[in-house]
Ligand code: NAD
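The data below hold one chain only, encoded as structure tokens and taken in the form predicted alone.
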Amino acid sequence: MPEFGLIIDGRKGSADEWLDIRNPATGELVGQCPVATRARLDEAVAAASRAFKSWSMVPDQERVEAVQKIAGVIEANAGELAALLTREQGKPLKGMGSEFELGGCIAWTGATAALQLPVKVLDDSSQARVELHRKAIGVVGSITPWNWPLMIAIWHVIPAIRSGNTVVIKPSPYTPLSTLRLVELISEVLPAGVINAVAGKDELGQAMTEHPGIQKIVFTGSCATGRKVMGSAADTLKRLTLELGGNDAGIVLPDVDPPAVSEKIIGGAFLNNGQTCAALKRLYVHESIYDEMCAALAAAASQIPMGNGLDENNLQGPIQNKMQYDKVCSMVDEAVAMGGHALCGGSPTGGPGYFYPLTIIRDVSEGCRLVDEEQFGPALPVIKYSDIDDAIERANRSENGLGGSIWSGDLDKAAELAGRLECGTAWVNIHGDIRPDVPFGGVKQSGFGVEFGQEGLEEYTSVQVVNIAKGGV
């Protein structure tokens, strides 16, 4: 069994306490995670602070080349990382699973390397030259979740490094091993201290958000935890980027052919077994095609093989942990008790692992948790509507606002309706399609700040204006 360690100042370190990390498909031990103390966190922050003094002054082209080297290292070790990711997270190797996630890591790293932060000239007159500079902030603290542990780590740390910051990252205690190994590999091509990894329980994350040596926190996770992050970061006035939960609504217009779009809707809903913030979480379907759409969705979902992700024939894995598994079970049971009908799935499969079949629930509406809350699992409620204005209002009633989608053959009408959705990203005839060159973020309780693209890179900088008077002293 490989040995995993904390990565601090370019060195691999041990700990006095360890967490057992188990495969959610089998319960088998994958490895042990070192638990960092507050003292080890202090060491990591101190190392990042020292490294920042030089890394922030490195010529921009050298940072570009460093990030390109990181992409190469990830690609060279993608097979090892994907297998480890499947074993600790549960997602399959194939399909939209671990190999897909590693491909995303490589693509996002390469795209971020190509971004620039040029000086913007605001005025260049006979009286003055005024320039706007983007400067690195300092030490960035990254706190990542268990659903896409490597991809989201890359989303956090690569723009931080590219823009001249240094990083201390803490992965989820459910999926720490692949992140520790990733950081170990990245640290081999960076100066010591530019990237550091600590691991441990939830209280370590709070220690990071409170730490006076960390200037910015990037957090991806639940809305409830995001509020705690914001509160504990207040005393030190940290910069924050919060990508929080979503309860994304899709609205299907009556001109849609249900069998033609069912697979795309299923793909948007059950990406990573539904354990994706921007997955489609509730689907509003016009009454004229409601029965046909429900049947088409159930038929499409029933064809997707589920099982141990190390079996390359499987395209869906287990729910990652028991807490989330119990939540999904409870929400589906409540929906059925309130009159919902499960067209496929609807109850645990039994046996080892946290497996829950892909589930389509019809005849539900607002007032049950499966519609009103983020289920973050393989259960999609399908809700009937008759009036499009009412459907838009119901979709917008959620306190969340991460993504949403409109499904229609009339692209102009669909685009107009998409603009009425209260969310950070509105898709037409697709859901959950994110790109490294397009900003992504939420509104309302789904957080603030954006990731990806030029706007995402600028989130890791502060603005300095240089105002030069030309009239002489």
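Remember, predicted model here, so these are calculated numbers, not experimental data. Residue numbers run from 1 along the displayed sequence.
From this point on, the text means the form predicted in complex with the named molecule, which you will not see here.
The putative spot formed by L271, S302 and T349 is not touched by the named molecule in the predicted bound form; no residue has a non-hydrogen atom within 4.5 angstroms of it. At a distance threshold of 4.5 angstroms between non-hydrogen atoms, R282 is out of contact with the named molecule in the predicted bound form. In the predicted bound form, at least one heavy atom of S172 sits within 4.5 Å of a heavy atom of the named molecule.
Residue contact check for E374: one or more of its heavy atoms lie within 4.5 Å of the named molecule in the predicted bound form. In the predicted bound form, L244 approaches the named molecule with a heavy atom inside 4.5 Å. Heavy atoms within 4.5 Å of the named molecule in the predicted bound form are found in one stretch of 87-95, 391-399, 143-151, 120-128, which is 143-151.
Here is the short version: of C277, I265, M293, V194, the single residue with a heavy atom within 4.5 Å of the named molecule in the predicted bound form is C277.
The contact with the named molecule in the predicted bound form, taken as any heavy atom within 4.5 Å, belongs to V229 out of C368, V229, L343, A379.
In the predicted bound form, the residues of 208-240 lying within 4.5 Å of the named molecule by at least one heavy atom are, in order, T209, F219, T220, G221, S222, T225, K228, V229.
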